[in-house]
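Only one chain is shown below, in C-alpha cells, and it's the form predicted on its own.
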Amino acid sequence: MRLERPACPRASRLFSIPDPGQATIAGLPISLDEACRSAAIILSGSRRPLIGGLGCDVTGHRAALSLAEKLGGVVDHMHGRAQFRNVQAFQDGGWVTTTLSEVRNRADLIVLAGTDASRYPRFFERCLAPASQFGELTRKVVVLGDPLLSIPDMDGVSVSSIPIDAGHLGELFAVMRARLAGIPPRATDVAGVSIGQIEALLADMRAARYGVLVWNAAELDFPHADLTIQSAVNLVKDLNQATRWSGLPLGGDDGGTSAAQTCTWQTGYPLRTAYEIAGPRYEPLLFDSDRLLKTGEVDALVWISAFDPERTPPAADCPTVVLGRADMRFVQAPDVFIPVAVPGVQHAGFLHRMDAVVALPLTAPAPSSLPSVAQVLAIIQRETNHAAA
C-alpha cells in the first residue's frame, strides 16, 4: 500500500501489507478453527492466564477484557511499565495536562524533558510547525537532555537545549520548584546545569503565555522514574501560580492509550487488573507482566500484537498463544499462533488518540480475509465453553 505523503519510517514499515500468513501449533500449519480450539483448550485448563501485549484496536481490547473476565485472568499492556509511571504520578497527586490541539494553537514555550524527538516526528509536523489557528504565535522549544540532533527545522520556531542526563531531571525540577518558592540555591549547579541556566529557563517559563512540559515515560527508564514525572507535574502546578502551564505525556504506542481507556471504563481501574470472584482487582506492582511470568504466577499467556511484527511475546515457561501480524517471526514458535488483520490497514476500527481526548476512526484501505483480534478472541471464548464442558 502506497502512502500518499511523506511518512515517518515507522508508518512506512507498519503500513506494509503482510502476506495472509498461516496459523500454527508448535510451528506446524493448521486451520484457523483448529488453532482457536487448541487455544481454548490451553486457556480452559488455566487457573490464572495473562492477557498481555494488547496491541490492537478498541474492539480488540473489549474482547480481551471479556475473555479475561471469563477466565479469571490478568490484563497488562506490552508498555505497561511505562504507563504505570504516569499512572502512579497521576494517582499520587493529580496533574494538569493539555491536548494536541491546544499545543498547536496556544503553546508559545514547549519544554521537552528527556524526550528523543525522532520518536514522534508527527508531533513536530502537526503540533509545533503549523501556524496557530488563533492568530500569530511565536514558539520556542527547549530540550532538556541530549543535544538537538533529532529536532527538525521549523520555520519561525526557536530551538535551544540544556544538556542533562534524564536520570537527573527530578533533581533539576526540584531545584526549579525551590527557586519558584523563593528558596536560595545551595549549590552552583545541578548535574552540570548551572544555577544561571536554571534562572534563565525559569524566567522564560514564567514569561510564557501558555507553556507545555512534554515527556515520554517510556524513555524515562530508570529506577523510581515515576518520582521524576511526579516532580515534573508538580513543577507545572507551581508555574500555574503565575502563568498558564500544562503537561503533555507522549506515548500510546501499540494501542496503549486505547487499552488503558478501555480497561478503565470497563472495570473502573487502570491496566494491571485481574478478574477475581469478588470483582476486578487492581494491583499495579503485583500484576506487572514481567514479574508474573518470572515468578510463575500465571500459567498461560495470550499475547496480542496486531500492529508491529517485532513485538513478539516475552519468554515464558507457560503455554503461549499469540495473536499477531501475519509477518511476525519467532525465535521459538509459540504453542499456538493465529495471524490477525492489521487495524487501520486490513480492517476498520477505533483507537484513542495519544492525548486520550478523542477516539479516531480507522479505515481499511487494504481489506483482508484474516479475522480481527476481536473476532479471534470471540471464537476462543466460545470454544472455551465447549472445552470446559
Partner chain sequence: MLRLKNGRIYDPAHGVDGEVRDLYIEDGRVVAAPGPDARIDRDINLAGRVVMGGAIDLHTHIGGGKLNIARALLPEDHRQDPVPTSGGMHAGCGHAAPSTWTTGYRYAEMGYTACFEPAMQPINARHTHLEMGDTPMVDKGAYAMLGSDDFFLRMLASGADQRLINDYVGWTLDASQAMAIKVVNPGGISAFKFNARSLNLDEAHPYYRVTPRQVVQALARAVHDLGVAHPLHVHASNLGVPGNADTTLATMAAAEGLPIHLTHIQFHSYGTEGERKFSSEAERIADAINRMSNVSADVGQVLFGQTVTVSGDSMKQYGNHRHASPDKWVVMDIECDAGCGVVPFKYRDKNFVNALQWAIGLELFLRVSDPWRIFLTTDHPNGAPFTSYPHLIRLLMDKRFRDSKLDEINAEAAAHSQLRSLDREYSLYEIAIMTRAAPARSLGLTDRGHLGQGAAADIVVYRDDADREAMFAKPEYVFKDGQLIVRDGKVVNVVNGALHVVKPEYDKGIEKPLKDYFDRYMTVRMENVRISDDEVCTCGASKLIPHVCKGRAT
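Being a predicted model, the structure only gives us computed values, none of them experimental. Numbering follows the first chain given and starts at 1.
Form predicted in complex with its partner chain: not shown, discussed below.
The candidate stretches are 92-100, 179-187, 192-200, 157-165, and the one lying within 4.5 Å of its partner chain in the predicted complex by heavy atoms is 92-100. Note on contacts: among Pro152, Pro314, Gly296, Gly268, the single residue with a heavy atom within 4.5 Å of its partner chain in the predicted complex is Gly268.
Remark: Thr264 counts among the residues lining its partner chain in the predicted complex, judged by a heavy atom distance of 4.5 Å or less. Although the partner is absent here, Thr138 sits far enough away that none of its heavy atoms falls within 4.5 Å of its partner chain in the predicted complex. Not displayed here, its partner chain is approached by Asn105 to within 4.5 Å at the level of heavy atoms in the predicted complex. Although the partner is absent here, Phe124 lies well away from its partner chain in the predicted complex, with no heavy atom inside 4.5 Å. Within 4.5 angstroms of its partner chain in the predicted complex, the stretch 349-377 places a non-hydrogen atom from each of Phe350, His352, Arg353, Asp355, Ala356, Val357, Val358, Ala359, Leu360, Pro361, taken in sequence order.
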